[in-house]
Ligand SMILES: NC(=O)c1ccc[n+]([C@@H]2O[C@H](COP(=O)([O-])OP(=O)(O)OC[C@H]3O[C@@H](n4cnc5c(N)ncnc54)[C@H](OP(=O)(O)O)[C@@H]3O)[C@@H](O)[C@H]2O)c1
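Quick heads-up: it's one chain on its own, the form predicted alone, in structure tokens.
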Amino acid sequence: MDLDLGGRRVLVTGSSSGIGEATATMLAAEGARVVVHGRDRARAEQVASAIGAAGVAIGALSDEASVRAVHDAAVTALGGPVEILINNAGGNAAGNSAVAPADIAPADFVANFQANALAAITLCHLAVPAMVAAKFGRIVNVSSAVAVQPNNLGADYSAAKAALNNFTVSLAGSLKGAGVTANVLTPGVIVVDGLVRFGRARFGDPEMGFEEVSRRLAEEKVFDVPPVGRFGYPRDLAMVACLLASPLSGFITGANYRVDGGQVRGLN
């Protein structure tokens, strides 16, 4: 299916690995002009070269100045304003995935809000005016299942992702008739590099691939297996991200697209 993405200018944050890399790869295959973003220049340039990207933007998105620098680098590489913004960068910035909420320092909440909400919000602030002026734009904010179904640990990360969801719905509503959409993409447990390393160490096989790690983790019930019977792969998210990025998705906005294999037990 032709998603009508040929020549569209795209920034995918956190695209030097994992979900972001898979998304950048699919968008480039659809003919989009993609900027690969990451903190490691060598890794970002490797991905950019492999997919024929328009260029790279390097930065940690750790404060407003670094976010602006990444945005400006993307605009320069693309030769024009960002038309499609995939805010994928994030993660537990403070490493509190096993810490009870009352034991998390306030500063860690601030760090996670910057990494998982404010960086994306700032990029929207920078990119949306040009989208509105052009009467076209697509924003996809990558969240997490814990934003809508939090557990008892990692509350700083969960809260930041919940804030991103809330912002996205408000943004979508404010862009009525502008030709710009904003949606949330919510993964469940996805077999990315970090989870593969965990699986290889646990099962004593340094060569174990993504699919085998996923199968073994499911068989041994290391994590709760979603109803589809396996964990997700980056490409599962990338396919939906490409749809939401497409001009064909103009009647979809303010929505939460869960790609979690049924992990979240409830309706949006």
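What you see is a predicted model, and the numbers here were worked out from it, not measured in a lab. From 1 onward, residues are counted along the sequence shown.
The same protein also exists as the form predicted together with the ligand; that form is not shown, yet it is the one meant from here on.
Novice: Answer with one of Arg202, Arg68, Arg39, Arg216: the residue that has a non-hydrogen atom within 4.5 Å of the ligand in the predicted complex.
Specialist: Looking at the other structure, the residue within range turns out to be Arg39.
Novice: Go through Leu78, Leu118, Ala89, Leu126 and name the one with a heavy atom inside 4.5 Å of the ligand in the predicted complex.
Specialist: Spelling it out, the residue with a heavy atom inside the cut-off is Ala89.
Novice: The chain here is shown without the ligand. Which stretch in 170-178, 131-139, 102-110, 189-197 comes within 4.5 angstroms of it in the predicted complex, by heavy atom distance?
Specialist: Flagged stretch: 189-197.
Novice: Within 4.5 Å, heavy atoms only: does Asn256 come near the ligand in the predicted complex?
Specialist: Answer no; every heavy atom of Asn256 is more than 4.5 Å from the ligand in the predicted complex.
Novice: Residue-level question: is Arg43 within 4.5 Å of the ligand in the predicted complex, judged on heavy atoms?
Specialist: Because a heavy atom of Arg43 falls inside 4.5 Å of the ligand in the predicted complex, the answer is yes.
Novice: With the cut-off set at 4.5 Å between non-hydrogen atoms, does Ala60 touch the ligand in the predicted complex?
Specialist: Because a heavy atom of Ala60 falls inside 4.5 Å of the ligand in the predicted complex, the answer is yes.
Novice: Heavy atoms within 4.5 Å of the ligand in the predicted complex: does Ser249 have any?
Specialist: Contact with the ligand, no.
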